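Consider the single chain below, provided in structure tokens and representing the form predicted on its own.
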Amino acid sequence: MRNLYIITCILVLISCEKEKATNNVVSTQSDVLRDLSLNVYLSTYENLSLRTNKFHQDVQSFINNPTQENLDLCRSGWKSAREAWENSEAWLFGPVSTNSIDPSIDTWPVDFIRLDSVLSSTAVFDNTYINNLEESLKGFHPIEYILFGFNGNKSANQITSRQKEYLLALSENLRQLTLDLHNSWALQGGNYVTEILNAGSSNLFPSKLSAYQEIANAMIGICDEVANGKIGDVFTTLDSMGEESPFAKNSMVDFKNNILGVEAVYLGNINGSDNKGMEDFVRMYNLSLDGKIKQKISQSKAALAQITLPFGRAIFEQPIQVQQAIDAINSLKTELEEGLLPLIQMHVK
């Protein structure tokens, strides 16, 4: 009888430990979704909205007092907003996609022929007119072209009155679209964030697995776009006019911020915060994979840092470094595809 009692106790303890482990897994999976949704995704969109609002104010100041100093403030404001946007491209799902906000604010290259036609027209540049324009005529890049000029050295007195009208309308449209994007996620707005928080019982994410796969595929997608689209396509064709932010000489910064966005999702860390990210899920099951993903992120950042020239020159003058960056980011993509995604499919329900 004593032996039976001991065996029973052991079985009860084992059962309790298994239940405790299961509860910890479920809790961690939910915590990752919570922290990413609130402290990375929503926080970044709020930051983006604040920065585009400040940029619009800078444009208004420049138009009222078109000094070189005020133009420089506009340029800095554009780059600041651009940073938050490029970080957020590591999660191009939800309203940014379904509401076509991404193509409305970040289509390139600029259509110069159509742009000249718009500027020479007598159209009133109100928000309705801007919204109805084709995507290559609005958003970050036509703004970039007006602010910096083709060679990046435009002076304040070279910006015409008509360009100022268009710049003001474009900056207002950018401000409104990024505000809409933030509101679509916000708890007090469209509340998309709750769809992820309630993954497993929400309309868009009937299981936690579907939410985790969306997150992982977005990380994979931006790695593919940076390595094989933003960098690779331009490098293959040696067509610098196809680069993302040529007028501000900001393309390399864009690429780096895309990878920093991937890192933020993996670590749950953006703007100095320290929350649960995908690493907390991975570390429950595979410490080796966690180390590999972090190593690939570091290698991608290091490879991009080795390109010391503006991207439009680097494709000609630093081809080895450009190819190494492509290879490093593709290696990160592969690790996410062949390591992270299968781990999610195996352990998340």
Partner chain sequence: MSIRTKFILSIVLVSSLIITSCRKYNESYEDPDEEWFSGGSQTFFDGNTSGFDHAFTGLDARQMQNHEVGDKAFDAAFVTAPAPLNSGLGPLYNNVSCVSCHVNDGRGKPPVNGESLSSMLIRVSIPGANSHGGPNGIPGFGGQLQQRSIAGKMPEADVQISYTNINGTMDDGTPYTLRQPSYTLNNAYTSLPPNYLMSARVAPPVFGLGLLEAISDYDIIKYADENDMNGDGISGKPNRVWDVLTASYRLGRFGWKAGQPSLLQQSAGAYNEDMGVTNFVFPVENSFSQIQHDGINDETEISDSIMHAVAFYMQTLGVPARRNAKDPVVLEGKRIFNQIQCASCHIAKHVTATDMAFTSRSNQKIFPYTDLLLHDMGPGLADMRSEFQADGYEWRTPALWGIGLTQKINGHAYFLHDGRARNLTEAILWHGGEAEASKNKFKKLSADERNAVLKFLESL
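Numbering follows the first chain given and starts at 1. Quantities reported herein were computed from a predicted structural model and do not represent experimental measurements.
The same protein also has a form predicted in complex with its partner chain, omitted here; what follows describes it.
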Specify the contacting stretch among 157 to 165, 262 to 270, 111 to 119, 175 to 183, defined as having any heavy atom within 4.5 Å of its partner chain in the predicted bound form. 111 to 119
Quick one: from Asn151, Thr98, Asn127, Ser201, grab the residue that has a heavy atom within 4.5 Å of its partner chain in the predicted bound form. Thr98
Which of these residues, Thr194, Ser80, Asn217, Ser104, gets a heavy atom within 4.5 Å of its partner chain in the predicted bound form? Asn217
Is there a heavy atom of Gly190 no more than 4.5 Å from a heavy atom of its partner chain in the predicted bound form? no
Going by a heavy atom distance of 4.5 Å, is Phe140 a contact of its partner chain in the predicted bound form? no
Is the gap between Leu238 and its partner chain in the predicted bound form 4.5 Å or less for some heavy atom pair? no
Its partner chain contact at Glu134 in the predicted bound form, heavy atom, 4.5 Å: yes
Those residues of 216 to 237 with a non-hydrogen atom no more than 4.5 Å from its partner chain in the predicted bound form are Asn217, Asn228, Gly229, Asp233
